[in-house]
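Next comes just one chain, in structure tokens: the form predicted on its own.
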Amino acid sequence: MLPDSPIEDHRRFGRRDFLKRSAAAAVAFSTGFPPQPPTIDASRVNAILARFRRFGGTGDGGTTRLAYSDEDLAGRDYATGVMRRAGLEVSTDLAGNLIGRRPGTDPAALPIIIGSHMDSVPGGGSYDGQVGSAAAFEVALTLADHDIALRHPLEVIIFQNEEGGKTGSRALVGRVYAFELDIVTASGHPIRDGIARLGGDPARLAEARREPGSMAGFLELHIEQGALLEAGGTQIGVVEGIVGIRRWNVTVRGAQNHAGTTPMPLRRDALVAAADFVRAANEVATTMPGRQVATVGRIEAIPGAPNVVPGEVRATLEIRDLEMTGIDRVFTGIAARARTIEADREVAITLAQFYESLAAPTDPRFRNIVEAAAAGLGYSHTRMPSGAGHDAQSMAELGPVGMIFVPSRAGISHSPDEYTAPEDVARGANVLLRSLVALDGR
């Protein structure tokens, strides 16, 4: 259970505690490195995680807490209370991000930022984003419990609408565009209205932007959303980089006609051409060397009647790779195949890009620190890429970033079957705390 007040009362700070902390400070002074922090409260961090399910939890063990929904607002209210109990000064920025701040001892030091997101996909799980958010709260609570003063200011950020395109973190780097504000999200609220619902100001969104170099670093804990850690029996993933993402609206235009009276050789069937395009995208991404992926995730035939040859198809194309040049290479190959399909099927295919999230390598120093933190705690660890997008890749435009992965059972994510064991949640939170203190000492 969460304590009513996790902050130690200074009146109960006795001589034994003073001597212990003075000795630790002496070690830090003599070695040049901070003393190792205490471990987090494993039962508390998992209790926080469990309480998140009060806001959008479903009967099958999943969570539907869509960005800007009533459940999202209620979850943020709960998060605000936890952050305040950790001694953080809580506010909402102009983009609608929920931010808890803790001052540092050095007025000139830039902030170290930790955090993740709390929104989910429709019919989603109870761990994606939520593990990182609960762990960030637990780190702040542990610092307060033990009166650990950091040199750098600490910011705990809950980014808004991560699942709908990382709107909150992209706003911090000036990459939310005017047309996006009118996009209607899964909750039924346009992003413009959603930001206002959270307490932000869409008319002043540009003012939420932060300057490159304005932070000392960012650390995000997240579930892996893959099965590599579980398959290898490994407890901690040290993320080497986050894939870049580009998305296109695909429109295939043929000729709408009667399904019963139009002979097969005379058809300019947009859906048949779109099927060729789907196969081509898969073949290009599969046959090229590398770890790139290409996905056609949405498709709609128009007019969509059983007795009409489709005259138009609207679809999407998404390509991901650890390098933006890799995305360019795959897209060039797919676009060339589209030109061939146009000629073969007598259709027109347009590809209009509408989304970009830049690939983000993690900082080598941060990888080493996370690795050392895991090793110091006796946890097995490995370096690995992230195939999913995260708020950390936006934050990489502001300064160095690091990411910590914990295992996902069977690699399942964005599903009610998503699961990370309590002991893995606790391990991740411990690595986050130890990495934070090490970064602060550097």
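Keep in mind that this is a model prediction, so the values were computed, not measured. All residue numbers are counted from 1 along the displayed sequence. Throughout, rigid core stands for the largest set of C-alpha atoms superposing within 1.5 Å between the two forms.
There is also a form predicted in complex with a further copy of the same chain; it is not shown, and the following applies to it.
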Answer yes if any heavy atom of residue 107 is within 4.5 Å of a heavy atom of a further copy of the same chain in the predicted complex; otherwise answer no. no
Does a further copy of the same chain come within 4.5 Å of any heavy atom of residue 292 in the predicted complex? yes
Look up in the predicted complex whether residue 357 has a non-hydrogen atom within 4.5 angstroms of a further copy of the same chain, and give yes or no. no
Considering only heavy atoms, tell me if residue 240 and a further copy of the same chain come within 4.5 Å of each other in the predicted complex. no
Find the only residue in 121, 94, 144, 271 having a heavy atom within 4.5 Å of a further copy of the same chain in the predicted complex. 271
From the list 149, 343, 266, 178, which entry has a heavy atom within 4.5 Å of a further copy of the same chain in the predicted complex? 266
Among 210-218, 227-235, 361-369, 197-205, mark the stretch whose residues have heavy atoms within 4.5 Å of a further copy of the same chain in the predicted complex. 227-235
Of the residues spanning 284-305, the ones with some heavy atom within 4.5 Å of a further copy of the same chain in the predicted complex are 285, 286, 292, 293, 294, 295, 296, 297, 298, 299, 300, 301, 304, 305
After the core is matched up, is the C-alpha of residue 305 off by 2 Å or more between this form and the one not shown? yes
Please state whether residue 366 has a C-alpha shift of 2 Å or more between this form and the one not shown, with the rigid core used for the fit. no
Relative to what we see here, could you say if residue 295 and residue 184 have their Cα atoms closer or farther apart in the predicted complex, with a change of 3 Å or more? farther
Sense of CA distance change between residue 234 and residue 289 in the predicted complex, threshold 3 Å: closer
